[in-house]
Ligand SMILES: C[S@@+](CC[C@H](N)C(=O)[O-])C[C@H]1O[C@@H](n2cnc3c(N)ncnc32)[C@H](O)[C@@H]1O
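This document starts with one chain, in the form predicted alone, laid out as structure tokens.
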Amino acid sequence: MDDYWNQYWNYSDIINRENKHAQVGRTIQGIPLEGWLWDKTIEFVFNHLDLELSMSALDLCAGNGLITEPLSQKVKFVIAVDCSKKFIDSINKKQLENTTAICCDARSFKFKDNFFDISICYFALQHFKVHESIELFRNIYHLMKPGGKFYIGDIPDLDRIWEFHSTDNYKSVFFESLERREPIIGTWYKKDTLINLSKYIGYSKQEIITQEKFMINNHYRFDMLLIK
């Protein structure tokens, strides 16, 4: 994970906000996402994974556990990983019987090869530089069982970057943030770049998933499903 984002998620005031969605930046013009919308989003993601109670799952860049907790109800056990100690502590406070939460930089997370049936990295790929994404895709490939599924969600679409930064003011703020080396979103990706990257790593199948209209970032983000 880019060191700027590592520092951000450990020391920014955002993680002290009361609302769980606000803590991880899931807001619409500053207003936290409503619970029912998140429930529909979770259902959308889980439907692409064909979850079973016998499965082992990895929630990478888990944040405060917005995916970890519902995922723990669908599989045998979950390992949740995040670089923020405050976020990991918040997951541990839930005392989920089948969940282990680990404070670790995703770039250095190690575990047994061919272990996980499911891996999820949601609303986080933007925090990795391109060369770090290569490392991440390769690491997850080795951690998953043959046929395992890797779901990457809410990826900023480079082809639609100016739909997000849609006014002269937004564009100015965007370039100013780059000059400060404090990017507003992080890394933007082209779909074909990630498809070709996943083929290079060795994934057998790749699918670009178009987000539904109810998903708050559907106008400039996409999801992706990889199969080992």
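Computed from a predicted structure; not experimentally measured. Quick note: we count residues from 1 along the sequence shown, nothing fancier.
Keep in mind that the form predicted together with this ligand is missing from the display, and what follows is about it.
Of the candidate stretches 127-135, 93-101, 70-78, 111-119, only 127-135 has residues whose heavy atoms lie within 4.5 Å of this ligand in the predicted complex. The closest non-hydrogen atom of Asp105 lies within 4.5 Å of this ligand in the predicted complex. In the predicted complex, no heavy atom of Tyr220 sits within 4.5 Å of this ligand. This ligand is not shown here, and in the predicted complex it never comes within 4.5 Å of any heavy atom of Ala57. This ligand in the predicted complex comes within 4.5 Å of no heavy atom belonging to Val45.
Taking this ligand as positioned in the predicted complex, the residues of 46-73 that bring a heavy atom within 4.5 Å of it are, in sequence order, Cys61, Ala62, Gly63, Leu66, Ile67.
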